[in-house]
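Only one chain comes next, encoded as structure tokens, the form predicted alone.
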Amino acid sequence: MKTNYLTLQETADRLMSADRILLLAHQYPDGDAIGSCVGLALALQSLGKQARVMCNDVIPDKYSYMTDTLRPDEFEPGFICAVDVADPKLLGPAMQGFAERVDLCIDHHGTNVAYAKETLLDADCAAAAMLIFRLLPVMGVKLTAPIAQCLYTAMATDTGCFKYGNTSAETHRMAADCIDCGIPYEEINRSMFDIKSRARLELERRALQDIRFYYHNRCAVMTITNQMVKESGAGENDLEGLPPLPRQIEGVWAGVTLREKADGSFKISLRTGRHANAADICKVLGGGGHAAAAGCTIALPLNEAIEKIVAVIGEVTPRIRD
């Protein structure tokens, strides 16, 4: 399907003329997916529209301060909008029935495969939430505290608390506007970045002690197996935020995290610096994302999956081998 790319005004017009709006987040939802979807749903509900958010996976409890603000609308969808979803495969198996029915996609991934009927896309945005922020005044919606805490969370999580290279002056200005609404930004930052359960620390210990290095220690590979998760006692809430760990090691250009899925395949999360392009690497394996953060799935046994991703990193980034 060839998508029709929209302006902000055209996107606002589509949403304003629609009702019974279903907002879809990607599987393994993160702060941007949840914050952007809930923030937009709150905006639509404030206009008297029915809107709800659906996801393949259970939304972690730590995001309940956002989801609890939504009115629990139930309806047969009249309009389907995917937010922060670059590829319909990322909706997950439970949501695949909607994959070919997406009317609108709002996204900030340059690797978006143009699957929706219409798309609002800006790959220069640090988070999908920035597009939602821009839409609000065009739709005639005031930035309220409940919406602001959603968009702030989304921007903070996708920028590593505003420290990643994707953070722009506009990102900071939007975050400041959210803070001006009186949101508990200190509590949000602590919850998103500082608080860890004992089970999470145990999972990190198990994962880090088996980390592998390649290409003169420029590539670090961390594995999270289902057995590790079980033995640590970690829950779904404890699994988010692990992919940046390998990239934090001094001298690492490419940090890889392999997370075993229920079917035995591995979800690959890649974090890179200026020496490597994560999106280019993951694209070879059927995935995508951003230059510094991307992902894909490899359906191979663990050691073969590691060999595969490491080989592709070396092929796409030959300098890492020198």
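Residue numbers here begin at 1 and follow the sequence given. Here, rigid core means the biggest group of C-alpha atoms that superpose within 1.5 Å across both forms. Nothing here was measured: the structure is a model prediction, and the numbers come from that model.
The following text describes the form predicted in complex with another copy of the chain, which does not appear among the structures shown.
Participant: Spell it out for me: taking another copy of the chain in the model of the complex, does every residue among Ala169, His172 and Asn217 have a heavy atom no farther than 4.5 Å from it?
Facilitator: Checking in the model of the complex: Ala169, His172 and Asn217 are all within 4.5 Å of another copy of the chain.
Participant: Within 4.5 Å of another copy of the chain in the model of the complex, heavy atoms considered, which of Leu239, Leu201, Ala114, Ala145?
Facilitator: It is Leu201 that has a heavy atom within 4.5 Å of the partner.
Participant: Which residue, Val138, Ala94, Ala123, Ile179, is the contact with another copy of the chain in the model of the complex, using a 4.5 Å heavy atom cutoff?
Facilitator: Of the candidates Val138, Ala94, Ala123, Ile179, Ile179 is the one lying within 4.5 Å of another copy of the chain in the model of the complex.
Participant: Any idea which of 106 to 114, 155 to 163, 227 to 235, 67 to 75 reaches within 4.5 Å of another copy of the chain in the model of the complex, heavy atoms considered?
Facilitator: In the other structure, the partner sits against 155 to 163.
Participant: Should Val252 be classed as touching another copy of the chain in the model of the complex when contacts are defined as heavy atoms within 4.5 Å?
Facilitator: Val252 belongs to the contact set for another copy of the chain.
Participant: Heavy atom to heavy atom, is Phe98 within 4.5 Å of another copy of the chain in the model of the complex?
Facilitator: Result no; Phe98 lies far from another copy of the chain in the model of the complex.
Participant: Is Lys89 part of the interface with another copy of the chain in the model of the complex - any heavy atom within 4.5 Å?
Facilitator: Although another copy of the chain is absent here, Lys89 would stay clear of it in the model of the complex, with no heavy atoms inside 4.5 Å.
Participant: I'd like to know if Tyr185 sits close to another copy of the chain in the model of the complex, meaning any non-hydrogen atom pair within 4.5 angstroms.
Facilitator: The answer is yes: Tyr185 has a heavy atom within 4.5 Å of another copy of the chain.
Participant: So which residues in 53 to 77, when you check another copy of the chain in the model of the complex, have a heavy atom no farther than 4.5 Å from it?
Facilitator: None of them.
Participant: Does Gly110 show a Cα shift reaching 2 Å between the shown form and the other one after rigid-core superposition?
Facilitator: For Gly110, whose C-alpha is compared between the shown form and the other one after core superposition, the shift is less than 2 Å.
Participant: Once the core is aligned, does Met192 move its Cα by at least 2 Å between the shown form and the other one?
Facilitator: False for Met192: its C-alpha shift is below 2 Å.
Participant: Superposed on the rigid core, does the Cα of Leu135 end up 2 angstroms or more away between the shown form and the other one?
Facilitator: No, the C-alpha position differs by under 2 Å between the shown form and the other one.
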